[in-house]
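In the block that follows, a single chain appears as structure tokens, in the form predicted alone.
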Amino acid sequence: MSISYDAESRVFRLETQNTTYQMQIGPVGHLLHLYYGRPVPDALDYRLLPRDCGFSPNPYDLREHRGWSLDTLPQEYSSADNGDFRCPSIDLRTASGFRGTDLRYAGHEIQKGKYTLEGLPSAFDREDGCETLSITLKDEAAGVAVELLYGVFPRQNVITRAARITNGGVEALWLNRAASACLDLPFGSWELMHFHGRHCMERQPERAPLIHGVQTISSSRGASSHQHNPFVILCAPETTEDTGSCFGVMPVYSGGHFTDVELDQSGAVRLVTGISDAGFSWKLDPGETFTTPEVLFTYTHQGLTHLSHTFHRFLRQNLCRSKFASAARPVLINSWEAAYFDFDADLILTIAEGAKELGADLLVLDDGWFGRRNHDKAGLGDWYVNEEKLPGGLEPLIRKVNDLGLQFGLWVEPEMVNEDSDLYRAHPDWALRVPGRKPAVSRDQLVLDLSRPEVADWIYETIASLLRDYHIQYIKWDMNRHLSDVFSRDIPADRQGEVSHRWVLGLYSILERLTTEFPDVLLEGCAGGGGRFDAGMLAYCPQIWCSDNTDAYSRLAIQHGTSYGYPASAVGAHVSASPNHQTGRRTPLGSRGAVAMAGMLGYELDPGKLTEEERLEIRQQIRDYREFAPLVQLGDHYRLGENAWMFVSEKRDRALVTVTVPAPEGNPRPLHIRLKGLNPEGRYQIRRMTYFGCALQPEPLQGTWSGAALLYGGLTLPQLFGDLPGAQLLLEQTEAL
């Protein structure tokens, strides 16, 4: 059993292979957190030793025991206005006007299998090894019950959390905050690692010591955002890639979010995470239940790499339900940077012919194929074919592309609408906008109101019709603005605070229906690149366009930061033209290819503009990638620094190592790397070695080495000079020592 309860001590124990999680029902029923960390056999209730702390009030039942204060005790689900002045998990207002809760234990249940969440993506159990703990807390005065859900995946070392909040009273109440989970760490020194950014420069890691007070990582944009990814790490100051304690916290949610991290007066740390409470207010009528999104938790004492591997495997195996999570992916060529809006059927076919010659598998027709979509100011919402560009529609084009031996894919942006569109003229009320006020526009777009079931149904049926009518094997699902003017004409005034979350639920309902009806279509998520790169989208999309920035130099940092939480199998990565369309930087084709091979490889260029030498090089890249792809997609990803990485097979018998030199120097220091993940008792040889971007081609390394020598001694590479030069090595184990 991975979950147990001791009635005498009133302690719950959640066990995975490498962690123990403990909590205890306190003397008057509060659910108190005891421990989360390396496996321990004992109940660690020493953490709850009473201590009198000034201005930290006591529950009325324990007024004679001044040391018992919710303001100092570690809790499982913190409340507002009950004597705990730290970050709350739940904050509500009753119809009578009072706020806050005093939640106390009312019962629990342990079940085999993994709980599910209505309307929300959540992890699933492939191996019949998961167990669920449900603990019910109640506040009779507020008439509210909170069911805390814990899913324990023992082999995966992951514990999932969510909550269901039910109004059991006779009057309505309003939730102003409804977090998914709280994690209190009474002891230790911790640093916060998060991943900030902007459009075209997403998920930049930033790590800093906690300060006394509250640090918040959040997005109020209606999407997880380019600016602040919802995934965060708490780690000990001494934690490195290979050693040290760290907690990973990953919400399974694609909308606005928050994570509060508070270092309090006693040195304890509280982390609370959930739906953004900026503008949030959810009305619960008697008998209604609100369900929070899921959060994935893991702990390791073996450093950041081990934490990353845990999330990588879990997202591939226990969250993404697509058959493509483990299946081979097609190498694609996308038409966007090749043609933008200026194309016709002949040009697309020419690109397809070039793609076939290069060895690609899939041709993707990007923006501009529908409505009067000759620029980004018109046509969004009109998902019928622009026959001025594509005479006869999509069918003859798809047939000709398929006849070449290529699959066909299509770009869509169904969540948005242009005012200059037939859809908007017919249904102006379907867009989010405040009555009597001109809305903010972004890229000349408004946001369709997905909180309305008829709008979500229309989007589903429109995209489903395309997939039923045409042989489309790939969809790139884009979102090119965030939510503002969040007002729905279909929702009463006292429920307008629900619109943003209902919008996300509408999106999930569409994706759920589409992926269920069309399991053989590869769905790639996109939001202006990586603006919705999160676990919620990965439940439906096995890969996400990592960034609109295709510059290889920029992608080093973007893909490096992404790798801390998300697997390479989720990273859409393309080779684009030089000079790059976002930065103007000129980068050798080999360098662009090597960086893109750290994800799911594609191309974003016009093959007709390539030289014969470039065509030959791309053919070789694609041949190489087909061999490397299982390592990249399913292997363990090791960061060897910001500009070097490697993938190692599960059996540790093969490895792909890539080293780049972003800024070559005169009179440089030796280029030395220590490898990771290999079998120290094996022997390895370099089966293939390629230099890229080098002004002068050095001699390739040859020989065999013990795994121990490569792990502990390392490899010294020749000095590399040029524009983003580097080396790619394929290692294979030849024998065991």
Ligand code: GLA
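Note that residue numbering follows the sequence shown and begins at 1. Here the structure is a predicted model, which means the values were calculated and not measured.
The discussion below concerns the form predicted in complex with the ligand, not included here.
Per the 4.5 Å heavy atom criterion, the ligand in the model of the complex is contacted by stretch 475-483, the sole one of 475-483, 499-507, 111-119, 430-438. 411 is the sole member of 311, 174, 424, 411 with a non-hydrogen atom within 4.5 Å of the ligand in the model of the complex. Residue in contact with the ligand in the model of the complex (any heavy atom within 4.5 Å), chosen from 91, 262, 548, 551: 548. The ligand in the model of the complex comes within 4.5 Å of a heavy atom belonging to residue 528. Using a 4.5 angstroms threshold between heavy atoms, residue 366 counts as touching the ligand in the model of the complex.
Looking at residue 336, you'd find a heavy atom of it within 4.5 angstroms of the ligand in the model of the complex. Contact check for residue 495: every heavy atom lies farther than 4.5 Å from the ligand in the model of the complex. Residues of 96-123 placing a heavy atom within 4.5 Å of the ligand in the model of the complex: none.
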